[in-house]
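Presented below, as structure tokens, is a lone chain in the form predicted on its own.
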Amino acid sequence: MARVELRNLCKVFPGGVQAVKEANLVIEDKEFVVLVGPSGCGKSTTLRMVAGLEEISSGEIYIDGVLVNDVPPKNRDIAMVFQNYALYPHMTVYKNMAFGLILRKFKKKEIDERVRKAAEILGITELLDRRPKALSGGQRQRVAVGRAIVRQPKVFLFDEPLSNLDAKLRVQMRAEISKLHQRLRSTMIYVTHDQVEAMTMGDRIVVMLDGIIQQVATPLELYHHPVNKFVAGFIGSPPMNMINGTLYAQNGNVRFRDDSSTIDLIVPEGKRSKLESHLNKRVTIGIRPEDLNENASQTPKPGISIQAPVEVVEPMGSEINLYIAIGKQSATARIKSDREPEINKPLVLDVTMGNVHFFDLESELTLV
């Protein structure tokens, strides 16, 4: 397949709106890379520039070592799957999948072989004679993917392909696309705003904000070692709790006290040396909901416990999401419990301090 490289890629729209700023990224051959970020972060614009559907303001794009800035989309040897399926309503599934090959004047026998093989891979062989209006959303998306597969391109591009599907079908199609990548071993670039999709599908994830690539890493590296507050808060569901406060020294320990003096936590020894330069300065700590654990005895442990009233309880089956109040700030805890905590009653939660993240209040960069 192909290696894709972006060098100092920029896109400026009329009016001076800069959608993508100096993007540098290498996507290796056979890699599945997901571009993720909030709406308007530049991820779809980046994908469309790779496809040749959006003009590049500056920078370079290489596919398989070839500069493609001025190469038309049809000659880039890529296939794109769109959010809205983009199927021809008057054509059968078979003709929708075969259309691109017919335009390229492939022989009938090869077209038939490619279409039927792709249909078999996707489990849509029995749908080949139907038209799109007779298909469900999930079936239409399979047809759109099949149309891309028959092209046998160097690179597959997916632009939020699951956003029109219901929750259950999204989970199913997520797994189908991942299995498809393992089977085809193709280079795939996938755009989504859903961090769960990104975490479950990508070999590596590219997190974007305001047109700038914030971090490129594997899913677990992003989760455990975010480079800044935005990445930390964007990756993980429910999102990380962010609490502002001050670091100070006491009896040989580095401690953190929040602005409302509701919590007072002891920083683990392994992180102290890197935080000493921020003593008596305000910082932000990040605590993931799953790192707040119900204290079995409901007896606070000095330096690692938070005592907070419960505002909302969300039973999730084996786990419970709790919305709690830390001073004037709301936070979320995810606990395993056989009973539902009482609303408005204080609950003692122990913090897994080894997993707590620390961020500079101004730059929002990770301190440890």
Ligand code: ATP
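A residue's number is simply how far along the shown sequence it sits, counting from 1. Computed from a predicted model, the values in this text were never measured in an experiment.
Omitted here: the form predicted in complex with adenosine-5'-triphosphate (ATP). The next part is about that form.
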{"property": "adenosine-5'-triphosphate (ATP) contact at Leu25 in the predicted bound form, heavy atom, 4.5 Å", "result": "no"}
{"property": "4.5 Å heavy atom contact, Glu160 to adenosine-5'-triphosphate (ATP) in the predicted bound form", "result": "yes"}
{"property": "Partner proximity in the predicted bound form: Ser318 to adenosine-5'-triphosphate (ATP), non-hydrogen atom cutoff 4.5 Å", "result": "no"}
{"property": "Proximity of Pro309 to adenosine-5'-triphosphate (ATP) in the predicted bound form, heavy atoms at 4.5 Å", "result": "no"}
{"property": "Segment that reaches adenosine-5'-triphosphate (ATP) in the predicted bound form - one of 60-68, 44-52, 334-342, 295-303, heavy atoms within 4.5 Å", "result": "44-52"}
{"property": "Those residues of 309-336 which, in the predicted bound form, come within 4.5 Å of adenosine-5'-triphosphate (ATP) by heavy atom", "result": "none"}
